[in-house]
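In C-alpha cells, the next block holds one chain alone, the form predicted on its own.
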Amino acid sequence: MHLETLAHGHSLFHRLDPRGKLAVALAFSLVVATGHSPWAAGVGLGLCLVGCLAGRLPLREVAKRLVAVNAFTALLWLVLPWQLGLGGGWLGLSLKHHPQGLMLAGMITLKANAIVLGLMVLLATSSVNQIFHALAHWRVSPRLLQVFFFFYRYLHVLHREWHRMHLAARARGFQPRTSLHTYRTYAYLTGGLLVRSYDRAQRVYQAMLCRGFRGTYWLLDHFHWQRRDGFFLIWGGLMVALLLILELAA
C-alpha cells in the first residue's frame, strides 16, 4: 500500500527519465542475478548504497524493505550450511557442515540486497504511473500493462474491503487462535473477499464502458529526453560493464 513512498523527492534520480532508469535497472538486475563472482555482487551492492545516499532516500523506509528481504535470506543461512546424510545419528540420519552451502547463502544475500537496493534507487524514485508509461514506451504488451495498472489502482480497495470484513468478524467476538474455527473463519473471509472483488470488478468495468473505454489505455503525457538522461544511461552502461568485467575476471 506504500509503493510510492520513495517517489517523492528532488534528487537527480527523481528527475531522470524513467525509460533510461528502467533499462539500467533491467541490465543491472540480470548481471547481478546471473553472476557467480562475489566480487561483482559486492561491488554492485556498494554502488547501490552510494545511489541510496545520492538519491537522498529515507533511511528508515530503505531499512524496512531490507529487513523484509533479509528475513528470507536468514532462513537460508540456517538451512544451506548443513547437509543431511545417512548413517548414524537420530533415526539413521546425520547433519554435516556444508561449506559450499555457506558460500551459497552469502552469495544469495549479496545478490538479493544489491538487486532490491538497485530497484529502490532506480524504480522506486518514480511513480507507478511513470513506470507503466515507460513500459508502454518500451513496447510491453498493452494487455499486460492494463492488468498490472488496474491491480495497483484497486489494491487499496481490496485492502479496505478486507479490513472492513475483518473488523466485522472481530465485532462478533472473533479472536484469531490456532484452531479449526479460526482457519474456517479465515477461509470464509477469503471467499467473501473474492466474491465481493468479482462484483466490484463488474461494476468498475460497466462504469468504464459508460465512459467510452474500448480496451486502450491512452497516454496523455509524454517524456522528454534530456542531456542528463543520456549521461546517466552512459554511466549506467559503464557500471554494468564493470560488473561484467569483474565477473569474467573471477
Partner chain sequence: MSLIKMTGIHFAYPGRPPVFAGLDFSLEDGQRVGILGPNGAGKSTLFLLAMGLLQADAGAVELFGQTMRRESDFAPLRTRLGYCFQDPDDQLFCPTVLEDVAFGPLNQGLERSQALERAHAALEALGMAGFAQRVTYQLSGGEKRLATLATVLALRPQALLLDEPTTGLDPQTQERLEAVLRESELPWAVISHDHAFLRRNCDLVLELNQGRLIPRDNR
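Here the structure is a predicted model, which is why all the values come from computation and not from measurement. Under this definition, the rigid core comprises the largest set of C-alpha atoms superposing within 1.5 Å between the forms. Positions refer to the first chain, counted from 1.
Absent from the display: the form predicted together with its partner chain. The rest refers to it.
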item	value
Contact test in the predicted complex: L53 vs its partner chain, heavy atoms, 4.5 Å	no
Contact test in the predicted complex: F149 vs its partner chain, heavy atoms, 4.5 Å	yes
Contact of H163 with its partner chain in the predicted complex (heavy atom, 4.5 Å)	no
Its partner chain contact at V204 in the predicted complex, heavy atom, 4.5 Å	yes
Contact residue in the predicted complex, from F213, W225, Y198, Y188 (heavy atom within 4.5 Å of its partner chain)	F213
Partner-contacting position among L194, V67, L30, M208 - heavy atom within 4.5 Å of its partner chain in the predicted complex	M208
Stretch from 110-118, 170-178, 74-82, 155-163 whose residues place a heavy atom within 4.5 Å of its partner chain in the predicted complex	155-163
In the predicted complex, residues of 97-127 near its partner chain [heavy atom within 4.5 Å]	none
C-alpha of R143 moved at least 2 Å between the shown form and the other one on rigid core	no
Threshold 2 Å Cα movement between the shown form and the other one at R160, rigid core reference	yes
